[in-house]
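A lone chain, given as structure tokens: the form predicted alone.
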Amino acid sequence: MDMNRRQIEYEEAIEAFFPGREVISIIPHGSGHINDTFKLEIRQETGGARSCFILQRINTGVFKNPAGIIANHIKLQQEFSARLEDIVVPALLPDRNGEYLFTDQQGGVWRVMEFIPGTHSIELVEEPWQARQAGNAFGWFAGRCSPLDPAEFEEAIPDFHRLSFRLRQLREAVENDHAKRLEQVREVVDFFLQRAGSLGRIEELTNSGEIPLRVVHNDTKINNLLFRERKAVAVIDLDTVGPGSLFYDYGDAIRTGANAVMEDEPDHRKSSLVPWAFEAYTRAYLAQIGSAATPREREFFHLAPVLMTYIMGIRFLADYLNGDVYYKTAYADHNLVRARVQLAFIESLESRASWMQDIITDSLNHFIL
């Protein structure tokens, strides 16, 4: 977006949320790639104290129902604000008309959230304490959301983690072969399609209600937490919160936080499970939600990391076959590299399946249903 145009738009938004206030500074904030996010510092009144806030322009190309994600956030805010907690979610602030969304003259949709001072984010899990803190924070979030009714929450991105939907996308990509790349990746396609049936069992049990639908975060990378020194103190980036499975949150946290390499490591053979990260995260996460886990959830927890890695692998592969139309790529085979990293991580998870299940079972056995 042209910088001058964006400045006009955010000045309009600032006036809507903070009419007549002096802007001291506004700078881009965070590492997110979807929404436009700024740290805003204003003077609350003439000669008064300075205050910081997060000003954000919502990407309505991705989040097509911004009112829905605001409604979800408000529900969480109301649920959590009545409690005194060591971990928080950032609060939304209303504009001058009492609304939590403001639409500028160009159609941009804006919101303001509290800024949580003295915090920082972490991009990679590099030490056991980080994995423990991430597991504790996301487990806290899942536990606090456990009483909430998922039917009252909007689905921010329909079918986001639905395996059958992602498999249909892959099969269509294979059938159409728009980019004429199928011949060189048939063994990768076969790898993923061979596992479709066994992993599909989880969706079947969720559809039948045997595995409960819950309110979950749906994007549990460690950079969606804020830390103060060595403690996670806030769960952020709540746009994806909505109906889902505990397996989504637990599985994706292991996929992103317990792999030895980044998801686009050129040498996919280096992709493997980091045992200490898996164990630290798992024990902390299940300590928070273990008593709320149902027998069916307990039975299938060990498959959650495979499921989420599988879903991301087929998404990367389908995009590669379609000609790289969804994910940003830096070179011709970037999506294929990503898919191969997921494939190698699945192989590593499968090779340690018994050990993983022992850790999960031992962690859950501390709770009596």
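Sequential numbering from 1, following the sequence displayed. Computed from a predicted structure; not experimentally measured. C-alpha atoms forming the largest set that superposes within 1.5 Å between two forms make up the rigid core.
Beyond what is shown, the protein has a form predicted together with a small molecule; the following relates to that form.
- Checked against the small molecule in the predicted bound form, the candidates V337, L303, M312, I70 yield a single residue with a heavy atom inside 4.5 Å, and that residue is M312.
- Interface residue among M262, I157, L101, L213, judged by heavy atoms within 4.5 Å of the small molecule in the predicted bound form: I157.
- Although the partner is absent here, H33 is a contact residue: one of its heavy atoms lies within 4.5 angstroms of the small molecule in the predicted bound form.
- Although the partner is absent from this view, T240 contacts the small molecule in the predicted bound form, with a non-hydrogen atom inside 4.5 angstroms.
- Remark: V325 does not count among the residues lining the small molecule in the predicted bound form, judged by a heavy atom distance of 4.5 Å or less.
- The small molecule in the predicted bound form is approached by D219, whose closest heavy atom lies within 4.5 angstroms of it.
- Only one listed stretch (232-240, 171-179, 134-142, 188-196) carries heavy atoms within 4.5 Å of the small molecule in the predicted bound form, and that stretch is 232-240.
- Comparing the forms between the shown form and the other one on their rigid core, the Cα displacement of Q169 reaches 2 Å or more.
- In the core-superposed comparison between the shown form and the other one, the C-alpha atom of I70 has shifted by less than 2 angstroms.
- Relative to the superposed rigid core, the position of the CA of L40 differs between the shown form and the other one by less than 2 Å.
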